[in-house]
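Before any questions on binding or motion, here is one chain by itself as structure tokens, the form predicted alone.
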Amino acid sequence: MSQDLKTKVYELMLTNRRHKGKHQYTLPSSNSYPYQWLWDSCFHAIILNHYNTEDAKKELLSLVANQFENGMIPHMIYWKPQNKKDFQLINWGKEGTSSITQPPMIAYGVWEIFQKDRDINFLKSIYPYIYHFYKYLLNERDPHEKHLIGIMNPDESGEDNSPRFDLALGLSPTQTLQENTKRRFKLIKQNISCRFDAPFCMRNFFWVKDVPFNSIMVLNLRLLSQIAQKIGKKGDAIYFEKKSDEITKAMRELMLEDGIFWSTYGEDYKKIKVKTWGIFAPLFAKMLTQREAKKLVKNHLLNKKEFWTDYPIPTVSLNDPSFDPKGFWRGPIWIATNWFIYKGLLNYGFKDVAEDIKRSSENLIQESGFREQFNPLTGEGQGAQNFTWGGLIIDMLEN
């Protein structure tokens, strides 16, 4: 890795840094995303941990500062008054934050920081927040006690208009961004009408058990168990490890078919058979056998008709009707999804494939800069500029 790239990543993180009182946080993009987002901040902590562990800690501590009484951590925090020049204003029925959450990557970020400086006091200070967050997800997002965590809005997946959610939204695979946005805004109004009461809202309006969200939950519960163990919470450690195992088992029973984990929706857990990058998320949580992983990589990841493009990895399979190389979450590469797949491949010893993805990701950034997304057919940068997710390349290159 060139020192120049490492310097550029850090300069981007410093440029996008903001302060509000005692809190320090990072904007994903100052022009396009001028607030704090949940899983973005977890990515930021992972990136900053390669430069300054104290800054990484501050990123996560600012994130938990607006935790709800029920334990939920909102996916957006508006640290400053909104103005019309900023990101489109959305009424979430609450002042200062959104009323939904995002993939629970925070335990991963906390554990990465601890691996660097072994600061038990940091674990103790942030543990009550993350304990209540994961308890909220376990208690409120699994009303049928099937051990799968549900989301009540596509935005909670972090992939706002991914085709994984078309069925549950009543949309066709081919659609405009405006059509999708209109439907999602209608859902927000429905969520407000049910006061964001998760079991009620999911039962009546939108209830998806998403593969990436649950895969992330599985791994993060394992890490939360280790965090609990480190600070002497042995009962909690046993509990969270058990919950991780229960979700793993439920995913295998309710999602796995023909070697692929499919997201499900509704009360009867119908499978959503849309091939997105999400079919590789279980690799990140090491939920597959070696044989299953090998088959998944060979048949789908390395399949040139599906995911192995000149610039891997598209977020949607080339042969899916919804694929659009310029569509938001409907085809372009995002460095964060490449990072998840990269980590998953290393779990199973697929070092050569992982290296190819790492090298391609680095080339995309070197050629097009820190863009929000990239065209998997041409490598062209798309979307927001000075977008922090590209900084995850440092975690790929240095680990």
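When you see a residue number, it is the position in the sequence shown, counting from 1. Values in this document were obtained by computation on a predicted structure and should not be read as measured data.
Although it is not shown, the form predicted together with a small molecule is what the next lines describe.
Only one listed stretch (337-345, 355-363, 29-37, 54-62) carries heavy atoms within 4.5 Å of the small molecule in the predicted complex, and that stretch is 29-37.
In summary, among the residues Trp329, Tyr134, Phe206, Trp277, the only one with a non-hydrogen atom within 4.5 Å of the small molecule in the predicted complex is Trp329. Interface residue among Gln102, Ser215, Ser225, Ser322, judged by heavy atoms within 4.5 Å of the small molecule in the predicted complex: Gln102. Of the heavy atoms in Glu140, none are within 4.5 Å of the small molecule in the predicted complex. Residue contact check for Gly158: one or more of its heavy atoms lie within 4.5 Å of the small molecule in the predicted complex. Using a 4.5 angstroms threshold between heavy atoms, Trp389 counts as touching the small molecule in the predicted complex.
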